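Below sits a lone chain in structure tokens, taken as the form predicted alone.
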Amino acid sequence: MEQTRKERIDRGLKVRTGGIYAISSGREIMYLVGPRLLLIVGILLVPLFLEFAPYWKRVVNIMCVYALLALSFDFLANYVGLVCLGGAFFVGVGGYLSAIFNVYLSIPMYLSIPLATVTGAALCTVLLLPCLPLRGVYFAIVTLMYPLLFTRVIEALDVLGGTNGITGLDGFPNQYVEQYAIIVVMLLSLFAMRRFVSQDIGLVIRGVKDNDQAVRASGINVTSIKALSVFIAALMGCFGGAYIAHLYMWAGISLFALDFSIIPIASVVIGGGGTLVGAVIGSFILVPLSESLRFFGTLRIVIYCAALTGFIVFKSEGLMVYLQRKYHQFERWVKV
């Protein structure tokens, strides 16, 4: 009589290799890449399902921007050890630079966005460079002050359009370019960051977080590593700002709104810090939740805070960490 027993599906996979090309069967390959394919295909199909709901298609755009900011925060906080509250700073700099390039210098949109992304990331890195030796709450406070500083300077000096902002930016040529530009960039950023942190430079970056004195004793310039990390994080944030500016064809001081700093942090807490993909999942939960609760008016904040508190209290590890653990606990019947 044939005997069977239960065995975890992932048994032996991690022992053989972490990559998918040394796996013995197609079933094991699908076990590893299935969640990734589900995420990619699901996000790419969302705009098609929302074809007759233009408002929610716009929400998906903003959701992807917040996902980029959450990726930026998760990378700096959980891999580099820099708690950066400057998501609004990155967005504002990227949005205003793209507006300057497009409106004042007449540079086409398809060039102004990448120019604003790279130039803005470099500018943010230079401005944050003196703050890199700071740690913990001190670095966080300084990064939070930058968007407030820029807002007051624009208002007081009435530059860059003042409180009215810069208008007349070029819009996207059609809704599909508008929709899939941010989705593709967000997905590429997610998988590029996951690949980056697993490389040798990623190990050095995590070493800076764990023990920067040991890294410095090895002859590695810790300041350069932190500056590179801030530049990478600012790239994602500045692209989000440039995208929003052309999405609304306007750049104003609302690009420095604290929502761009607070919601990404909440997304990382809900999704699971240090997983990167958890930051994206958290954004996909929080942003639609916030929009769907607008029906309740001022009570929206109460319900929103209650839901956020529930996640933190009952799933403090983060949703993605919980789902990963449960996924790897799946079992199957095998012959003895």
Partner chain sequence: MSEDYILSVKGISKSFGGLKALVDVGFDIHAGEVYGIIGPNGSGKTTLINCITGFIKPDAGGQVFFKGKEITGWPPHKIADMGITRTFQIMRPYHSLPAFKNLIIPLWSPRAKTTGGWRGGGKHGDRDTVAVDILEEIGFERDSRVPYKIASTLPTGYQKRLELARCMAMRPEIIFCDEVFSGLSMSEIAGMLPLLEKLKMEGITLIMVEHRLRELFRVADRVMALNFGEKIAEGLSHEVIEDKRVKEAYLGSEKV
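All values derive from a computational prediction rather than experimental measurement. Positions refer to the first chain, counted from 1.
A second form of this protein, the form predicted in complex with the partner chain, is not displayed here; the remarks below concern that form.
Visitor: Based on heavy atom distances of at most 4.5 Å to the partner chain in the predicted complex, which listed stretch, 216-224, 180-188, 240-248, 114-122, is the contact stretch?
Guide: Heavy atoms within 4.5 Å of the partner chain in the predicted complex occur in 216-224.
Visitor: If the cut-off is 4.5 angstroms on heavy atoms, which of these, A192, I107, A257, I201, is the one near the partner chain in the predicted complex?
Guide: Of A192, I107, A257, I201, the residue with a heavy atom within 4.5 Å of the partner chain in the predicted complex is I201.
Visitor: Answer with yes or no whether N211 is in contact with the partner chain in the predicted complex, where contact means some heavy atom within 4.5 Å.
Guide: Output for N211 is yes: heavy atoms within 4.5 Å of the partner chain.
Visitor: Is the gap between G161 and the partner chain in the predicted complex 4.5 Å or less for some heavy atom pair?
Guide: Outside the cut-off, so no.
Visitor: Could you list the residues in 234-268 that come within 4.5 Å of the partner chain in the predicted complex, counting only heavy atoms and keeping sequence order?
Guide: The stretch 234-268, when checked against the partner chain in the predicted complex, contributes no residue at the 4.5 Å heavy-atom cut-off.
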